[in-house]
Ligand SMILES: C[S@@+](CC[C@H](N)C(=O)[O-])C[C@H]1O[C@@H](n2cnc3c(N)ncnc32)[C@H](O)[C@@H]1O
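Here's a solo chain for you in structure tokens, the form predicted on its own.
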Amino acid sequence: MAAIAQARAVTSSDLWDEDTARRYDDASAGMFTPEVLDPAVDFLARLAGGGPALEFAIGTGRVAVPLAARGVPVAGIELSQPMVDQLRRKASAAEIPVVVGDMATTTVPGEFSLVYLVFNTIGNLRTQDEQVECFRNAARHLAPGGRFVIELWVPGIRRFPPGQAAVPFDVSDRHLGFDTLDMVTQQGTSHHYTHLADGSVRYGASNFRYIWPAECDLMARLAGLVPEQRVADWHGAPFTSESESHVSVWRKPLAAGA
């Protein structure tokens, strides 16, 4: 897969800087553990079926590097050059080619058996129009019969009592995290307070637009994709009304009406 591509206008996504990129792997260490990562890689490798895969928002290669080690050719699109620089410490451009650009409009050459987007990252696109374009961009890159996969949380709206402005998602000795959500615009901000070794506290925030599973299905339909599977996690647990996350799979039809 050549690394030549078309990169277009930057989206409304937050742009991660060099300092954030350098700290990313350590700050997200829990997402790199075998019990978290292996089921995701297993799931994606099965769907790729030996064909090439494209990761939107490839980041530092948390998923792409072990997936490529399984023999799946992986390419990526990533908005942040500093994140790509961190990826290059693990894999060369020949091993995992990456184009710097946004995942709603940037294109890479070739067709893929699998396009995937993990760890809630579609929410980084902060308008509905951009999220629809992300689905269309996935469909644009898929070979007939290929699949688009996203991993996404289910908004915890039911946990909001009247008048409350935020809901916690992580409370631990080292980290306090909570989301503020706007019910009208579906805009949100994740707030992170991290206790450092020297006793100080570092604050960080990231902005997003939350999406409901049914809204994802409509976006997929607009992109010409058909639903194939929805489970609660990478292990394949059933998706229910109590699920707090989902892994959803849509397929590009083999032909019109297929």
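The first residue of the sequence shown is number 1, and the count goes up from there. If you're wondering where the values come from, they're calculated on a predicted model, not measured in any experiment.
The same protein also has a form predicted together with this ligand, omitted here; what follows describes it.
- Just one of Ser113, Gln86, Thr121, Gln187 comes within 4.5 Å of this ligand in the predicted bound form, counting any heavy atom, and that one is Thr121.
- Picking from 76-84, 158-166, 174-182, 140-148 the stretch near this ligand in the predicted bound form, with a 4.5 Å limit on heavy atoms, gives 76-84.
- For Ser13, a non-hydrogen atom is located within 4.5 Å of this ligand in the predicted bound form, even though that partner is not displayed.
- Within 4.5 Å of any heavy atom of this ligand in the predicted bound form lies no heavy atom of Ala220.
- Contact check for Leu54: every heavy atom lies farther than 4.5 Å from this ligand in the predicted bound form.
- This ligand is not drawn, but in the predicted bound form it has a heavy atom within 4.5 Å of Gly101.
- Residues from 43-74 that approach this ligand in the predicted bound form with a non-hydrogen atom closer than or equal to 4.5 Å are Glu55, Ala57, Ile58, Gly59, Arg62, Val63, in the order they occur in the chain.
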